[in-house]
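Given as C-alpha cells, the chain that follows is alone and in the form predicted on its own.
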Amino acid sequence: MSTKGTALITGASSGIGATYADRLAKRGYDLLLVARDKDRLDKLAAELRDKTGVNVEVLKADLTIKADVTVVAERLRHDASITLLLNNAGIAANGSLAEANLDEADRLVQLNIVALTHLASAAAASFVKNGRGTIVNVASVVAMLPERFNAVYTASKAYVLSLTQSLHAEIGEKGVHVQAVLPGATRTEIWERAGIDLNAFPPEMVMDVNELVDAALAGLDQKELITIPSLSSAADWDALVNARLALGPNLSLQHAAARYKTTGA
C-alpha cells in the first residue's frame, strides 16, 4: 500500500508525463495515468508495475473533449486516494496569430487552459477538504518571453503561470502545495507535433527530459512555487517578483498619472 497516495498525471503516455510517472513511482506513489493513447499507457503501466511494484491505473481521456475532462475532474473530486495532480497535458503551435488555424487555436486553449483549470479546481477542492495534496502545473519559460514565440501558445502558458500564483495565494496555507514548472526547450514529441524542428535550436538550449523532470522534482522538494530548471540563481526570479510587487501601490489610483494629463486638462 502506498503511503504517499496516488499521483494523477495527464499527458502521461510520453515525454515529460511519462518521465514524471517513472520518478513518482520510484518515490512510492501509486499512479493514475491519463492520455488519449491507451496502448502507450498500457505499455508504460506494465513497465512501471514490473519495475517498481506500485499500483498503476490507466484512464483513456482526450482532454480537448469536455465530457472527458468532466470524467477526470470527477475522479479528482471524489477519489481521496489522489494526493498529487500533475497538469502536464498540452500542445504547442507554430506560426503567427494572423495566419493561425483558429480551430487548432481553440483546441490548444481547451487543452492548455480550460482542461487544466477544471482539473486544478477539482484537485484544489479535494485537497483542501483532505488537508493535504500537491498540484503541479507545467507552464513554460515562453511565459516570460512573449515576444519570442507563438502568440497563442505563449499566452496559454502565461495563463498557467498566473493561475498557479493565484492558486497558491488561495490554498497555499491550507495544506496544499502548488508549483509551476517552466521548462525551456526540452527534447520531447511536442515539437514535432507542432511542426517545429527542434534540431534547429542551438544544442546548448535544449534540455534532456530526464534532467528536466529531476530538476522539477528537486524544486518541488524545496517547496518552490516557481521552478525554472535552467535558472542558476533563484535571486534572479526573486528580483523579478519584487519588481512586479513594487508596482502595486500605483496600479490602481483615483487619478491618472501626470504623464497622461493633456495640456489644459
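This structure is a prediction, so every number in the text was calculated from the model and none was measured. Residue numbers here begin at 1 and follow the sequence given.
Omitted here: the form predicted in complex with a small molecule. The next part is about that form.
This chain is drawn without the small molecule; in the predicted bound form, the residue among Lys26, Arg49, Lys66, Arg36 with a heavy atom within 4.5 Å of it is Arg36.
For the options Gly95, Pro146, Gly175, Gly184, the residue carrying a heavy atom within 4.5 angstroms of the small molecule in the predicted bound form is Gly184.
Against the small molecule in the predicted bound form, the set Ile16, Asn88 and Ala139 is in full contact: each member has a heavy atom within 4.5 Å. Partner proximity in the predicted bound form, defined as non-hydrogen atoms within 4.5 angstroms of the small molecule, places exactly one of 149-157, 126-134, 97-105, 167-175 at the interface: 149-157. By the criterion of a heavy atom within 4.5 Å, Ala73 is excluded from the residues contacting the small molecule in the predicted bound form.
Contact check for Glu57: every heavy atom lies farther than 4.5 Å from the small molecule in the predicted bound form. In the predicted bound form, Leu111 approaches the small molecule with a heavy atom inside 4.5 Å. Though the partner is left out of this view, Thr188 does reach within 4.5 Å of the small molecule in the predicted bound form, counting heavy atoms only.
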